[in-house]
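Only one chain is shown below, in structure tokens, and it's the form predicted on its own.
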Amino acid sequence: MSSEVFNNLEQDSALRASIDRSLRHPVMFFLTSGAAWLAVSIILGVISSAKVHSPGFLDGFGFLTYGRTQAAHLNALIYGWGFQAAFGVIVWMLSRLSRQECRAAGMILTAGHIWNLGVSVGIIGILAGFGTGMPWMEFPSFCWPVLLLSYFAIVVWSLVQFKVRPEGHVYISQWYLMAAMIWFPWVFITANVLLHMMPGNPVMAAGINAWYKSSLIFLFFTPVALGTAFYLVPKVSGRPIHSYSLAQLGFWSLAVIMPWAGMQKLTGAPIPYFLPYLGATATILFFVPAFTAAVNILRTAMTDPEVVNNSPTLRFTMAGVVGLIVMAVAAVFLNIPGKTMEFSQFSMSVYGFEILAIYAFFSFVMFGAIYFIVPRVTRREWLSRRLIKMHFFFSIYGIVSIAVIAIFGGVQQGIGQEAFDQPWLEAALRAYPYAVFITIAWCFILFSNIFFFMHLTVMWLRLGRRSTHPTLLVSGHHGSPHGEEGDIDNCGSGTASAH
């Protein structure tokens, strides 16, 4: 009996290794190029933030005005880093969970180069003054079909692998990832067709744009991050998900509630009166899927706190889950009709919430996934525990500062804007100290991510120490041999005790 179990483990290990080998080039391309775009985005973020409190900074360069650098900063963060990190994680996770080698690595890699070309042209177009002026959709209008086609070429193979997978349980991770893959083209095509091909009333165009931003956050980045967390936490801890029923509740509440969010940003506009309140209510109710998922993941991880402390993967993932909780609280705080919604509508609070969602939640979970995936596809260990710790602590300090300062500073700015009997300068002066601290915080994040990009590039070049066991970077962890993070695909990713 023991020899049969050993043979099954050996076969499972060989299958995982072959899947990892088949995905090494596309996965590492997405993760490394995404990290490069993250560094570009942060540099642009430092410049745009500095211009808020020091308008003369780099004023000799016409392409570095605040309007252009701020738009380029956010679009590089979303399409350069966010989507490519998601692509790398989705392709790898669905192959692993479907137990299928990737037979289209060349196609995926080619589509990835086209995606990067589209993002590069879009960022250059924004800096050159050809942006559309629509937040999160500033790329010149000819870019979106290129991104859409390359997206389909990247994800279609994951859909095929899911279809031909061996019969068995569909994990909650697959639910979230598949939903995100399906929701994004619906949101992307709807918004771009209505705004670029069928332009109508400008007020409704602003509403569609607001819905698009909200949908990207809640219907793509959130389910990708949650699906990844539901995979990583049981995998590394060796424990099943605390409550599978609670995980299903979180998924369906996200799917039902969040498509209605977004229109609260048009409070006071000449649109049907109920739409902003419907959007505000949906955004406030985000706490339902957020808290059910966060409690479920935290209860699973905290069954063994020592693993959380020792594992870079769990450390970043748990920080991301805490970011999800803070994001849900901020969604309630910023969207209370008659209280804070009017003050935050046109202030830096909006920016603070976006950074909280994309960086404090989504990006931290992606960092955790990268620290888990990269040693497996490269068969190399991470070179430096110190670099990983620097990346973590500088990122935590920077992103907490940006999110908290921008949200509360934006409320103060909004109070100044609503004081109609006071000059506009009063609102600007209220925001000044907060803008200075945001610039400093971005510098800390830039410092941490330069080392992260260098570390990741070295791993892509396979210069790390060769290993058959991706480790926790500590010796002799009591839970598994060689101090390794768990790597049995059917032991944790969304399974309940009954499975």
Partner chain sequence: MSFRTFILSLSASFGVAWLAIVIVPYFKMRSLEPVAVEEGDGTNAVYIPKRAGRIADGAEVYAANGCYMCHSQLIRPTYAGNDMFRPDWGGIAGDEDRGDTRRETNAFDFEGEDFAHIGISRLGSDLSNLARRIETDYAKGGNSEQWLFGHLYNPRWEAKRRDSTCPSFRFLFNVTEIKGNPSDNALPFPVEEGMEITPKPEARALVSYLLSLKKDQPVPTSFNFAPPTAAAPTAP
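What you see is a predicted model, and the numbers here were worked out from it, not measured in a lab. Numbering follows the first chain given and starts at 1.
This next part talks about the form predicted in complex with the partner chain, which is not shown.
- For the candidate set Ala104, Leu278, Ile388, Ile114, a heavy atom within 4.5 Å of the partner chain in the predicted complex is found for exactly one residue, namely Leu278.
- The contact residue chosen from Leu249, Ala319, Met178, Val326 relative to the partner chain in the predicted complex is Met178, the criterion being a non-hydrogen atom within 4.5 angstroms.
- The stretch among 104-112, 207-215, 305-313, 388-396 whose residues place heavy atoms within 4.5 Å of the partner chain in the predicted complex is 207-215.
- Within 4.5 Å of any heavy atom of the partner chain in the predicted complex lies no heavy atom of Ser363.
- Interface membership of Glu342, defined by any non-hydrogen atom within 4.5 Å of the partner chain in the predicted complex, is confirmed.
- Though the partner is left out of this view, Leu219 does reach within 4.5 Å of the partner chain in the predicted complex, counting heavy atoms only.
- The partner chain is not shown here, but in the predicted complex it comes within 4.5 Å of a heavy atom of Thr267.
- Annotation for 230-262: interface residues with the partner chain in the predicted complex are Phe251, Trp252, Ala255, Val256, Pro259, Trp260 [heavy atom within 4.5 Å].
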